[in-house]
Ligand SMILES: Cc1cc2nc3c(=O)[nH]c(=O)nc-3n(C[C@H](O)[C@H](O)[C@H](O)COP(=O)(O)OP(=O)(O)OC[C@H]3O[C@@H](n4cnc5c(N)ncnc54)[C@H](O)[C@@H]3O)c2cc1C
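Quick heads-up: it's one chain on its own, the form predicted on its own, in structure tokens.
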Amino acid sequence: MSAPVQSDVAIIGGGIMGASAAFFLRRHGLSVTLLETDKVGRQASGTNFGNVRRQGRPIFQLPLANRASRIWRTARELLGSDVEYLQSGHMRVCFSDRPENVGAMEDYATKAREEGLDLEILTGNTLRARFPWLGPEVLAGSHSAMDGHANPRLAAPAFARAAIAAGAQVFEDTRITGAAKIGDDFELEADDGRLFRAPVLLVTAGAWAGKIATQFGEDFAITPRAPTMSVTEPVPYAIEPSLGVMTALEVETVYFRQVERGNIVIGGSTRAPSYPDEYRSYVLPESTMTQFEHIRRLAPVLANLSIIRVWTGIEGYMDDSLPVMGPSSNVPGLYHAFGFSGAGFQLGPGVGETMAELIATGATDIPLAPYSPDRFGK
């Protein structure tokens, strides 16, 4: 058997959180081993909608989202490759049968402004003049000019390549089946017998993170779910912002964006079960149809477009829809960043930089208390 691979930090999970953490840890001068069961970015980080939006998040999450936003804006220069980030704006709208949401939008905008997020509330003729393709049921919109969208299939691999160029070791097709702390080091064993050791372990394994945590006596209830995604045939590029619906009803929570090639990418609405033990998730045709039903309410101009592809993935959801993020209070040297509940893509680079900062320096200015691993009980 070959000697264990030793590094300062080992990371289990090669999505956008893990890959960006590896990149930023190298910038702090720490040696890093990134371990991914499949291919980097293959799971939730590569199968999501691609929204790079800050609004709609809890106000306390905006410092983290703002940090991520700054990274997205410089991603091409920072990583040396294009992740198709398009700062074309993001708008959150509400339907006319929920007029109370207009007041909620205005209240959110006031609070968000204090955290550095400027939102413009649009109604009536102003809304129609700016976005004439919106449906008659759309009552109001909250527009963020400094947000947009990116290509999730490109983002995590770009961070991993940049991490490798900076000196990180990345092991794909490496399934960790055993994890323990032995002395000062964490020892991780792959299913083919290879060993990896490090005094610090960061778990960014998404829907699979719970199984790793249990090996250290920590119990997190993570519900695996499968989002519904689809893309239409290309049409002339005309819709700049990505759009989503503000609603308490999951079935109405649709969103769409148009890429520069002209295709409309659609997400949201109902989610299906997924099966992380089998690495499988399935698109439910009824979810696609429900999704398109509400997209037509949002933008009737899309009603006659043909869907050319559908897909899904495996996402991990926490009971309170907030991630677990921070150090373990039970196991020294163990850190967590998972459970982003379908809302982690935009946050990804900010999470990676924050966790790298926390591991390398022992502190961060980003408020982490709402994401404490202890909030469910030790």
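Computed from a prediction, not measured in an experiment: that's the story for all the values here. Each residue number is its position in the shown sequence, starting from 1.
Beyond the structure shown, there is the form predicted in complex with the named molecule, which is absent from this document and is the topic of what follows.
Residues with any non-hydrogen atom within 4.5 angstroms of the named molecule in the model of the complex fall in just one of 324-332, 25-33, 41-49, 62-70: 41-49. Proximity of T174 to the named molecule in the model of the complex falls within the 4.5 Å heavy atom cutoff. Although the partner is absent here, A343 lies within 4.5 Å of the named molecule in the model of the complex, judged by heavy atoms. At the 4.5 Å threshold, heavy atoms of P227 reach the named molecule in the model of the complex. The named molecule is not drawn, but in the model of the complex it has a heavy atom within 4.5 Å of E315. For the residues G206, G244, P241, G141, the 4.5 Å heavy atom test against the named molecule in the model of the complex is passed only by G206. Residue Y279 is the sole member of 264-299 found to place a heavy atom within 4.5 Å of the named molecule in the model of the complex.
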